[in-house]
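Only one chain is shown below, in structure tokens, and it's the form predicted on its own.
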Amino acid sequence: MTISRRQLLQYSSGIALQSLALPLFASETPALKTIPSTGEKIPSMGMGTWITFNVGDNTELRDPRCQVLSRFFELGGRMVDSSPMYGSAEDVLGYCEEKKSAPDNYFRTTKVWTSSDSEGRTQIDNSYQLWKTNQFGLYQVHNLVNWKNHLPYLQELKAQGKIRYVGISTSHGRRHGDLANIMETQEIDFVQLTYNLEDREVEEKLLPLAADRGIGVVVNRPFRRGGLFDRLEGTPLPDWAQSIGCKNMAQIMLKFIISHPAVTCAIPATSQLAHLEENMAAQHGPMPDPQLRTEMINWFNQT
């Protein structure tokens, strides 16, 4: 019988607290990827906060997010991605840091998102205050908005040691031509883009370009905000899933993404402990080789 991600939620609440003490993958080493511009190693599975951490001031909603964040780090996670565009998410992350739900040296990733130069600098200052940090691991220009002015300022902050890496983000398959031009002409460390079993346009130019230019790739919307689960609902796991240690559709989708050699980190968002543990398991065990990746695409296209 195939158990859907939604069905799993119906009985996962009873074991969620118990799972907090279990080192699910203690005997295995997670898949590490290399950041091309420095050679630094980073786990291939990060965590996004879009929608899931936008819960306002309600501590009854904030505290479970802190629990998810803490579990993410227990399971070997390092990169957490957010943005001023995500409502209260940055503030909630700062709240969780105050509650000691995160280590001091994790890979904080956020963005600047405004057409105004002055508002951008204010926004950046606010993010430092909200996250309660003096240094971001990665700071990106969100959806290319005013990148020509924001990017030089981020480079200044990088030179001052306040940012370790700078980048440009896009989402929903937008502005790929503009992003390619930036990648070809600007000195950036990362791009963030949408890539999954359905949205594969970036395989044609952006991912090869990232590899050629030594640019790291952060992948957003790995599940198309749950749309891929809807498409695959009721579909049995394929025979080859076991060969790469996949026990559910989430792990199939994530292993497809992180097995691409140009991808550095995927950032699925979740507020559920059971889903987090599914996601984090995807960075363990065998990864699909090029032949299996082709088979995965054919399987998906036929569903």
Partner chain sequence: MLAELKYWLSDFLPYSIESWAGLLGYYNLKLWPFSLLLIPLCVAVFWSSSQQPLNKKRIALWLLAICWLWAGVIFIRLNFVTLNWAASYVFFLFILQALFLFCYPLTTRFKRSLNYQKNSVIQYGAMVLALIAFPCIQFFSGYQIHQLGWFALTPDSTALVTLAVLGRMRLLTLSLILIPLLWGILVLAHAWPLGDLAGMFLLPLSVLFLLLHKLNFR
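Numbering follows the first chain given and starts at 1. Since the model is a prediction, treat every value here as computed from it, not as a measurement.
Keep in mind that the form predicted in complex with the partner chain is not shown, yet the notes after this line are about it.
Chemist: Residues in which of 150 to 158, 216 to 224, 103 to 111, 133 to 141 have heavy atoms within 4.5 Å of the partner chain in the predicted complex?
Modeler: The contacting stretch here is 216 to 224.
Chemist: Can you work out which of Arg174, Lys99, Arg121, Lys205 has a heavy atom no more than 4.5 Å from the partner chain in the predicted complex?
Modeler: So the residue touching the partner chain in the predicted complex, by this definition, is Arg174.
Chemist: Tell me, yes or no, whether Met85 is in contact with the partner chain in the predicted complex, where a contact means a heavy atom of each within 4.5 Å.
Modeler: Because a heavy atom of Met85 falls inside 4.5 Å of the partner chain in the predicted complex, the answer is yes.
Chemist: In the predicted complex, does Asp178 come within 4.5 Å of the partner chain, counting heavy atoms only?
Modeler: Answer no; every heavy atom of Asp178 is more than 4.5 Å from the partner chain in the predicted complex.
Chemist: Within a 4.5 Å heavy atom cut-off, is Arg71 in contact with the partner chain in the predicted complex?
Modeler: No.
Chemist: Is it the case that Thr38, even though its partner is missing from this view, gets within 4.5 Å of the partner chain in the predicted complex, heavy atoms only?
Modeler: No, Thr38 sits far enough from the partner chain in the predicted complex that none of its heavy atoms falls within 4.5 Å.
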